[in-house]
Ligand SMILES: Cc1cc2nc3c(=O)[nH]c(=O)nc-3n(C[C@H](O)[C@H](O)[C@H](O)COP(=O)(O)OP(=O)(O)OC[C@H]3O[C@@H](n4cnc5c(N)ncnc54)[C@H](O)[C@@H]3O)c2cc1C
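Taking the form predicted on its own, here's one chain by itself in C-alpha coordinates.
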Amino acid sequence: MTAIVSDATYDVVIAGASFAGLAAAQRLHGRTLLLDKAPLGDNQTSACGAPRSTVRAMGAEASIQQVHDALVLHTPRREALWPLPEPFCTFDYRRFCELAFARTAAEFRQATVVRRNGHSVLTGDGEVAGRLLVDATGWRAVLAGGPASGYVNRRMMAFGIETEIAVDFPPGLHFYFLPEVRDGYAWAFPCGETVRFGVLSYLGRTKLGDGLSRFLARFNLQMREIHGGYLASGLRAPVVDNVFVAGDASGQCLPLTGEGIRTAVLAGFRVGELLQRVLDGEATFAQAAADYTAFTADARRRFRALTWGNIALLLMPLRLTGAAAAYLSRPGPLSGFMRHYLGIFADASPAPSPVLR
(Lines give C-alpha, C1' and ligand atoms only; values in the text may rest on other atoms or scores of the structure.)
Protein backbone atom coordinates (compact mmCIF):
# COMPACT_ATOMS: atom_id res chain seq x y z
CA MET A 1 0.00 0.00 0.00
CA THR A 2 1.26 3.50 -0.87
CA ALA A 3 2.19 5.62 2.12
CA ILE A 4 0.46 8.96 2.47
CA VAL A 5 2.87 11.87 2.83
CA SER A 6 0.24 14.01 4.55
CA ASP A 7 -3.15 13.24 6.02
CA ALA A 8 -4.51 16.58 4.77
CA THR A 9 -5.17 17.89 1.28
CA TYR A 10 -3.19 20.95 0.28
CA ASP A 11 -4.83 23.83 -1.54
CA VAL A 12 -2.05 23.75 -4.15
CA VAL A 13 0.78 21.29 -4.75
CA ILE A 14 3.62 22.63 -6.91
CA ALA A 15 6.04 20.11 -8.39
CA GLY A 16 9.37 21.86 -8.94
CA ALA A 17 10.92 24.52 -6.70
CA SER A 18 12.91 26.57 -9.18
CA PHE A 19 11.94 29.76 -11.01
CA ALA A 20 8.38 28.99 -12.13
CA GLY A 21 7.44 27.03 -9.01
CA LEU A 22 8.74 29.68 -6.62
CA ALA A 23 7.04 32.47 -8.58
CA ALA A 24 3.70 30.66 -8.45
CA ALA A 25 4.09 30.05 -4.71
CA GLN A 26 4.68 33.77 -4.12
CA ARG A 27 1.20 34.55 -5.42
CA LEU A 28 -0.57 31.92 -3.29
CA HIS A 29 -1.84 32.44 0.25
CA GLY A 30 -3.53 29.11 0.95
CA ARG A 31 -1.91 25.88 2.13
CA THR A 32 0.74 25.32 -0.53
CA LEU A 33 3.37 22.59 -0.86
CA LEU A 34 6.50 22.88 -2.99
CA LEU A 35 8.11 19.59 -3.98
CA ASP A 36 11.56 19.12 -5.47
CA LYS A 37 13.97 16.22 -5.75
CA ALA A 38 16.89 18.39 -4.58
CA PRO A 39 17.30 20.61 -1.53
CA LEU A 40 16.14 24.16 -2.13
CA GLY A 41 18.74 25.96 -4.25
CA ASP A 42 20.63 22.81 -5.29
CA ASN A 43 20.85 21.33 -8.79
CA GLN A 44 21.57 24.52 -10.72
CA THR A 45 21.10 24.03 -14.46
CA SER A 46 20.79 27.68 -15.53
CA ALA A 47 23.43 30.28 -16.42
CA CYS A 48 21.51 32.54 -14.00
CA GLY A 49 21.32 35.64 -16.16
CA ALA A 50 18.06 37.62 -16.20
CA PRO A 51 16.67 41.15 -16.21
CA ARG A 52 17.37 42.85 -12.91
CA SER A 53 13.66 43.71 -12.68
CA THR A 54 12.80 39.99 -12.73
CA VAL A 55 15.16 39.21 -9.86
CA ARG A 56 13.84 42.22 -7.95
CA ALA A 57 10.22 41.15 -8.51
CA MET A 58 11.04 37.84 -6.85
CA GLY A 59 12.46 39.64 -3.82
CA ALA A 60 15.89 38.20 -4.55
CA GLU A 61 17.90 41.33 -5.36
CA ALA A 62 20.45 40.43 -2.67
CA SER A 63 21.46 37.43 -4.81
CA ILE A 64 22.72 39.66 -7.65
CA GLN A 65 26.44 39.30 -8.34
CA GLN A 66 26.91 41.70 -11.26
CA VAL A 67 24.75 44.05 -13.32
CA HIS A 68 25.19 44.29 -17.11
CA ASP A 69 24.05 47.07 -19.43
CA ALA A 70 24.88 45.43 -22.76
CA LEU A 71 25.06 42.24 -24.76
CA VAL A 72 28.30 41.67 -26.68
CA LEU A 73 28.02 39.41 -29.74
CA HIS A 74 31.23 37.88 -31.09
CA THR A 75 31.87 36.12 -34.39
CA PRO A 76 35.31 35.14 -35.76
CA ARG A 77 35.75 38.50 -37.53
CA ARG A 78 33.37 40.93 -35.85
CA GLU A 79 32.05 42.13 -32.51
CA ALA A 80 28.72 43.91 -32.00
CA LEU A 81 27.61 45.79 -28.89
CA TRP A 82 23.89 45.77 -28.07
CA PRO A 83 23.02 48.27 -25.33
CA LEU A 84 20.16 46.89 -23.25
CA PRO A 85 16.97 48.92 -22.67
CA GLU A 86 16.95 47.60 -19.10
CA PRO A 87 19.83 46.10 -17.09
CA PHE A 88 20.34 42.37 -16.91
CA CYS A 89 22.24 40.70 -14.11
CA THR A 90 23.94 37.51 -13.07
CA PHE A 91 23.03 36.08 -9.69
CA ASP A 92 23.74 33.30 -7.21
CA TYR A 93 21.18 30.53 -7.74
CA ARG A 94 21.09 29.15 -4.20
CA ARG A 95 20.72 32.60 -2.67
CA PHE A 96 18.02 33.48 -5.21
CA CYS A 97 15.97 30.42 -4.29
CA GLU A 98 16.34 31.02 -0.56
CA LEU A 99 15.26 34.65 -0.85
CA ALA A 100 12.37 33.86 -3.20
CA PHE A 101 11.11 31.06 -0.96
CA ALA A 102 11.22 33.36 2.06
CA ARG A 103 8.53 35.46 0.37
CA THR A 104 6.08 32.57 0.15
CA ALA A 105 3.71 30.99 2.63
CA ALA A 106 4.52 27.55 1.21
CA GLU A 107 5.94 24.44 2.80
CA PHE A 108 8.92 22.82 1.09
CA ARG A 109 9.51 19.08 0.98
CA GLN A 110 12.41 17.31 -0.71
CA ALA A 111 10.94 14.39 -2.63
CA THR A 112 11.27 13.01 -6.14
CA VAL A 113 8.06 13.53 -8.12
CA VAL A 114 7.19 10.32 -9.98
CA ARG A 115 3.82 11.02 -11.62
CA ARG A 116 0.31 12.29 -11.08
CA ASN A 117 -2.55 10.16 -9.80
CA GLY A 118 -5.74 12.18 -10.25
CA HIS A 119 -5.51 15.09 -7.80
CA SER A 120 -2.55 13.50 -6.03
CA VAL A 121 1.16 13.64 -6.73
CA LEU A 122 3.04 10.37 -6.33
CA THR A 123 6.54 10.92 -4.96
CA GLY A 124 9.37 8.65 -3.92
CA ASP A 125 8.17 9.12 -0.34
CA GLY A 126 4.49 8.46 -0.98
CA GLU A 127 1.46 10.36 -2.19
CA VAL A 128 0.29 13.89 -1.47
CA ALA A 129 -3.06 15.37 -2.50
CA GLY A 130 -3.84 18.88 -3.70
CA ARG A 131 -7.02 20.62 -4.77
CA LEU A 132 -4.97 22.28 -7.51
CA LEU A 133 -1.73 21.10 -9.13
CA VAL A 134 1.12 22.96 -10.82
CA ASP A 135 3.80 21.30 -12.96
CA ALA A 136 7.07 23.25 -12.82
CA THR A 137 9.33 20.19 -13.13
CA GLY A 138 11.35 21.47 -16.08
CA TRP A 139 11.55 19.88 -19.52
CA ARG A 140 10.45 16.45 -18.25
CA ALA A 141 6.96 17.81 -17.39
CA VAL A 142 6.38 14.93 -14.98
CA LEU A 143 2.79 15.80 -14.01
CA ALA A 144 1.74 16.77 -17.52
CA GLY A 145 2.80 13.44 -18.96
CA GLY A 146 6.48 12.75 -18.39
CA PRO A 147 9.45 12.43 -20.76
CA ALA A 148 8.00 9.40 -22.58
CA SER A 149 4.71 11.10 -23.40
CA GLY A 150 3.74 12.91 -26.58
CA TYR A 151 3.65 16.10 -24.55
CA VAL A 152 7.46 16.26 -24.42
CA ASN A 153 8.84 17.09 -27.88
CA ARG A 154 12.58 16.43 -27.95
CA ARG A 155 12.87 18.26 -31.28
CA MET A 156 12.02 21.53 -29.51
CA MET A 157 14.79 21.31 -26.93
CA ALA A 158 18.28 22.74 -26.84
CA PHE A 159 21.02 21.47 -24.54
CA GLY A 160 23.76 23.41 -22.79
CA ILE A 161 26.59 22.95 -20.30
CA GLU A 162 28.54 25.49 -18.26
CA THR A 163 31.53 25.83 -15.99
CA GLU A 164 32.44 28.68 -13.62
CA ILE A 165 36.00 30.00 -13.36
CA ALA A 166 37.62 32.79 -11.34
CA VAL A 167 39.07 35.15 -13.95
CA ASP A 168 38.96 38.83 -14.92
CA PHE A 169 36.62 39.54 -17.82
CA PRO A 170 35.09 42.61 -19.50
CA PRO A 171 31.55 43.49 -18.34
CA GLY A 172 28.51 42.57 -20.40
CA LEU A 173 26.81 39.33 -21.31
CA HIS A 174 29.00 37.86 -24.06
CA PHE A 175 27.66 35.54 -26.77
CA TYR A 176 30.02 33.79 -29.21
CA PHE A 177 29.08 32.31 -32.57
CA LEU A 178 32.12 30.23 -33.42
CA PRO A 179 33.13 27.02 -35.22
CA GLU A 180 33.48 25.22 -31.86
CA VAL A 181 29.69 25.01 -31.52
CA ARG A 182 28.36 25.55 -35.02
CA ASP A 183 24.86 24.30 -34.12
CA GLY A 184 24.47 26.84 -31.30
CA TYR A 185 26.59 29.36 -29.45
CA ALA A 186 28.98 29.84 -26.55
CA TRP A 187 28.75 32.40 -23.77
CA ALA A 188 30.72 34.13 -21.04
CA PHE A 189 28.71 35.75 -18.25
CA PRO A 190 30.76 37.64 -15.65
CA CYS A 191 29.33 37.27 -12.13
CA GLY A 192 31.54 39.21 -9.76
CA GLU A 193 34.81 37.42 -9.14
CA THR A 194 34.04 34.54 -11.50
CA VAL A 195 32.78 34.03 -15.06
CA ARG A 196 30.32 31.42 -16.28
CA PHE A 197 31.51 29.93 -19.58
CA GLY A 198 29.15 27.66 -21.49
CA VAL A 199 28.14 26.19 -24.82
CA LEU A 200 24.71 25.35 -26.17
CA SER A 201 23.41 23.23 -29.05
CA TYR A 202 20.12 24.34 -30.57
CA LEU A 203 19.67 20.77 -31.81
CA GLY A 204 19.84 19.21 -28.36
CA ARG A 205 23.26 17.62 -28.89
CA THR A 206 24.52 16.52 -25.49
CA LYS A 207 28.18 15.73 -26.17
CA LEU A 208 29.43 19.29 -25.73
CA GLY A 209 32.48 18.76 -23.52
CA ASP A 210 34.97 19.00 -26.38
CA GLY A 211 33.34 22.20 -27.67
CA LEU A 212 33.49 23.78 -24.22
CA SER A 213 37.14 22.79 -23.81
CA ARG A 214 38.06 24.35 -27.15
CA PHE A 215 36.10 27.49 -26.31
CA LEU A 216 37.93 27.83 -22.99
CA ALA A 217 41.25 27.31 -24.75
CA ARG A 218 40.67 30.68 -26.46
CA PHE A 219 41.17 32.23 -23.01
CA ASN A 220 43.89 29.79 -21.86
CA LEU A 221 41.47 28.30 -19.34
CA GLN A 222 40.63 24.74 -18.37
CA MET A 223 37.23 23.31 -17.58
CA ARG A 224 36.16 22.96 -13.97
CA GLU A 225 33.02 21.30 -12.59
CA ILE A 226 30.15 21.54 -15.08
CA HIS A 227 26.39 21.74 -14.84
CA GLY A 228 23.63 22.13 -17.40
CA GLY A 229 20.72 20.40 -19.05
CA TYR A 230 17.91 20.69 -21.59
CA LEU A 231 16.07 23.91 -22.40
CA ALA A 232 12.53 23.34 -23.65
CA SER A 233 10.90 25.83 -26.02
CA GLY A 234 7.95 25.69 -28.36
CA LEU A 235 5.04 26.55 -26.03
CA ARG A 236 3.44 23.25 -25.09
CA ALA A 237 -0.15 23.19 -23.85
CA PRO A 238 -0.30 25.32 -20.67
CA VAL A 239 -3.06 23.27 -18.98
CA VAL A 240 -3.08 19.46 -19.19
CA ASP A 241 -5.71 17.32 -17.47
CA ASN A 242 -6.44 20.04 -14.90
CA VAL A 243 -2.73 20.66 -14.23
CA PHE A 244 -1.30 24.16 -14.80
CA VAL A 245 2.11 23.89 -16.46
CA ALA A 246 4.75 26.65 -16.28
CA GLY A 247 8.37 27.30 -17.22
CA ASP A 248 10.36 24.73 -19.20
CA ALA A 249 7.69 22.15 -18.41
CA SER A 250 5.43 24.12 -20.76
CA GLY A 251 8.17 24.89 -23.30
CA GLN A 252 8.41 28.55 -22.28
CA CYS A 253 12.17 28.88 -22.70
CA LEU A 254 12.82 31.37 -25.50
CA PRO A 255 14.17 30.11 -28.84
CA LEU A 256 17.26 31.83 -30.26
CA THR A 257 18.67 33.05 -26.91
CA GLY A 258 17.81 30.17 -24.56
CA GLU A 259 16.58 32.64 -21.94
CA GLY A 260 14.02 31.03 -19.67
CA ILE A 261 14.13 32.66 -16.25
CA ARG A 262 12.09 35.75 -17.09
CA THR A 263 9.38 33.79 -18.88
CA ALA A 264 9.24 31.15 -16.13
CA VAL A 265 8.86 33.79 -13.43
CA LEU A 266 6.19 35.76 -15.30
CA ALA A 267 4.23 32.61 -16.14
CA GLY A 268 4.56 31.44 -12.55
CA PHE A 269 3.19 34.74 -11.30
CA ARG A 270 0.18 34.41 -13.61
CA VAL A 271 -0.46 30.82 -12.55
CA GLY A 272 -0.29 31.68 -8.86
CA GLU A 273 -2.61 34.67 -9.25
CA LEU A 274 -5.18 32.68 -11.22
CA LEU A 275 -5.18 29.74 -8.83
CA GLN A 276 -5.55 32.08 -5.86
CA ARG A 277 -8.64 33.53 -7.54
CA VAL A 278 -10.03 30.00 -7.81
CA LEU A 279 -9.30 29.37 -4.13
CA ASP A 280 -10.96 32.68 -3.21
CA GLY A 281 -14.09 31.81 -5.20
CA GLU A 282 -13.53 34.72 -7.60
CA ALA A 283 -13.15 32.47 -10.66
CA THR A 284 -13.93 28.91 -11.68
CA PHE A 285 -11.16 26.52 -12.62
CA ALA A 286 -12.36 26.66 -16.23
CA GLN A 287 -12.11 30.45 -16.26
CA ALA A 288 -8.61 30.36 -14.79
CA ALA A 289 -7.51 27.74 -17.33
CA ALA A 290 -8.93 29.80 -20.19
CA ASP A 291 -7.17 32.92 -18.95
CA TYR A 292 -3.80 31.18 -18.66
CA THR A 293 -4.24 29.56 -22.08
CA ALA A 294 -4.94 32.97 -23.62
CA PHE A 295 -1.95 34.46 -21.78
CA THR A 296 0.43 31.95 -23.39
CA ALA A 297 -1.31 32.07 -26.78
CA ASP A 298 -0.69 35.81 -26.96
CA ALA A 299 3.05 35.08 -27.03
CA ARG A 300 2.92 32.40 -29.74
CA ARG A 301 3.64 34.77 -32.64
CA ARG A 302 6.68 36.18 -30.88
CA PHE A 303 7.96 32.69 -30.03
CA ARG A 304 7.52 31.69 -33.68
CA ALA A 305 9.56 34.69 -34.87
CA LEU A 306 12.40 33.76 -32.53
CA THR A 307 12.23 30.18 -33.80
CA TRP A 308 12.72 31.43 -37.36
CA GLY A 309 15.71 33.40 -36.12
CA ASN A 310 17.02 30.20 -34.60
CA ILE A 311 16.71 28.41 -37.94
CA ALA A 312 18.39 31.29 -39.76
CA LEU A 313 21.38 31.14 -37.42
CA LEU A 314 21.77 27.44 -38.08
CA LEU A 315 21.76 27.96 -41.86
CA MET A 316 23.73 31.17 -42.41
CA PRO A 317 27.54 31.34 -42.63
CA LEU A 318 29.26 32.91 -39.64
CA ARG A 319 30.25 35.98 -41.66
CA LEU A 320 26.54 36.69 -42.26
CA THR A 321 25.83 36.12 -38.56
CA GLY A 322 28.36 38.83 -37.78
CA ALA A 323 26.83 41.18 -40.34
CA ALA A 324 23.32 40.58 -38.95
CA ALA A 325 24.52 41.23 -35.39
CA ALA A 326 26.16 44.49 -36.49
CA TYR A 327 23.01 45.61 -38.32
CA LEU A 328 20.81 44.88 -35.29
CA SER A 329 23.16 46.89 -33.06
CA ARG A 330 21.86 50.07 -34.71
CA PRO A 331 19.40 52.00 -32.51
CA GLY A 332 16.34 51.52 -34.74
CA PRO A 333 16.61 47.77 -35.46
CA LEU A 334 17.80 47.01 -31.91
CA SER A 335 14.91 48.93 -30.34
CA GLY A 336 12.41 47.01 -32.49
CA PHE A 337 13.97 43.66 -31.67
CA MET A 338 14.14 44.34 -27.94
CA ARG A 339 10.58 45.61 -27.85
CA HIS A 340 9.46 42.35 -29.49
CA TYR A 341 11.74 40.22 -27.31
CA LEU A 342 11.05 41.79 -23.92
CA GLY A 343 7.34 42.01 -24.71
CA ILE A 344 6.93 38.24 -24.29
CA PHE A 345 4.71 37.60 -21.24
CA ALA A 346 5.23 41.26 -20.29
CA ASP A 347 1.62 41.75 -19.18
CA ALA A 348 2.12 39.43 -16.20
CA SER A 349 1.99 41.52 -13.05
CA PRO A 350 5.41 41.72 -11.33
CA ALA A 351 4.02 43.34 -8.17
CA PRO A 352 6.19 42.69 -5.12
CA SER A 353 5.06 39.99 -2.72
CA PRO A 354 4.90 40.56 1.03
CA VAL A 355 7.68 39.07 3.12
CA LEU A 356 6.04 36.16 4.87
CA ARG A 357 8.99 34.61 6.69
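Here the structure is a predicted model, which is why all the values come from computation and not from measurement. For every residue, the number given is its place in the sequence shown, counted from 1.
FYI, the form predicted together with the named molecule isn't displayed, but the following is about it.
When contacts are judged by a 4.5 Å heavy atom cut-off, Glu180 does not count as touching the named molecule in the predicted bound form. Of the heavy atoms in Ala24, none are within 4.5 Å of the named molecule in the predicted bound form.
Contact check for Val13: no non-hydrogen atom falls within 4.5 Å of the named molecule in the predicted bound form. In the predicted bound form, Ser120 stays away from the named molecule, with no heavy atom inside 4.5 Å.
No residue of the trio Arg277, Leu279 and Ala346 has any heavy atom within 4.5 Å of the named molecule in the predicted bound form. This chain lacks the partner; the member of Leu73, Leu235, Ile161, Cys191 within 4.5 angstroms of the named molecule in the predicted bound form by a non-hydrogen atom is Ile161.
Contact with the named molecule in the predicted bound form, defined as a heavy atom within 4.5 Å, holds for exactly one of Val142, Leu99, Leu212, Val240, namely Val142. Note that among 125-133, 75-83, 224-232, 282-290, the stretch whose heavy atoms approach the named molecule to within 4.5 Å in the predicted bound form is 224-232. Of the residues in 41-79, those that come within 4.5 Å of the named molecule in the predicted bound form through at least one heavy atom are, in sequence order, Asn43, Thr45, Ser46, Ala47, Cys48, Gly49.
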